[in-house]
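There is one chain below, alone, in structure tokens, taken in the form predicted alone.
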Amino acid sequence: MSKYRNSFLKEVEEKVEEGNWVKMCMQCGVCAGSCPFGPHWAHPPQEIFMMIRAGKREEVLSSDSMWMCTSCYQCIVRCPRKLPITHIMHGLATYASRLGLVPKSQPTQAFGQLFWDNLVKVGRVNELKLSLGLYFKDGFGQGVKNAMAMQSVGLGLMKAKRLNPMEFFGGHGVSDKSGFHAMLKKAQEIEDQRKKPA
């Protein structure tokens, strides 16, 4: 076991959510076989875990593999050791993001940031603003093209009363916004404490 005790494994155990489980992976590959995106991973979870145990810090943290996870939880359900794989993958992505190592043109990270920025304002996601943010993230011209390509979907959502154009001017939020923002502030304080070196 001592050969696995490299500094990167220790770093992951200390800094990544559920990172202490990485050393428990027995490399069976059930996670990759269960994942809907399995064939598209550069490095499936069990390979990422082996790379961590082998001390391949730069390869792991610069990989886009962690950003592929859609939280379907198939891997956790089928893992014979019940490893919290989804949490570890998201934890690695969060840690890589904190270190400024997000791969370029990573769509899931861009979506996650838009979603978060949208949510923190009023405590609920404004679906119209989120959609427009996604359409126009690559500039005005591309945004118009994206919106035109999706117009039938948008019109269908409006017809079914699932999308209200008036949401653009406000939308709904949580009733206690100050309490919501206080909760976020406290969570940020806890996160900042975790980032401090021991």
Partner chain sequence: MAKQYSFYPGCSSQKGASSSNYLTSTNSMCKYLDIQLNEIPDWNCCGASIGYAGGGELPRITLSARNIALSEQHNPGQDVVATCAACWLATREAKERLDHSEQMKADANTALKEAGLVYNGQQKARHMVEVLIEDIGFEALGKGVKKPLKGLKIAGYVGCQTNRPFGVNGESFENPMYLDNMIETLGAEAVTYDQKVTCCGGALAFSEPEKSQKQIKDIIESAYDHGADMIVTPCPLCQANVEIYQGEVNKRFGTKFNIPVTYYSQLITVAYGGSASEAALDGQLIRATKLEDLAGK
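As the structure is a computational prediction, the values presented were derived from the model and not from experiment. Numbering follows the first chain given and starts at 1.
One more form of this protein, predicted together with its partner chain, exists but is not displayed; see below.
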property	result
Proximity of residue 134 to its partner chain in the predicted complex, heavy atoms at 4.5 Å	yes
Residue 119: touches its partner chain in the predicted complex, heavy atom cutoff 4.5 angstroms	yes
4.5 angstroms heavy atom contact with its partner chain in the predicted complex for residue 72	yes
Non-hydrogen atom contact residue 24 with its partner chain in the predicted complex at 4.5 angstroms	no
Complete contact of 40, 77 and 112 with its partner chain in the predicted complex (any heavy atom, 4.5 Å)	yes
Contacting member of 157, 144, 54, 28, with respect to its partner chain in the predicted complex [4.5 Å, heavy atom]	157
Stretch 77-95 - residues with a heavy atom within 4.5 Å of its partner chain in the predicted complex	77, 78, 87, 90, 93, 94
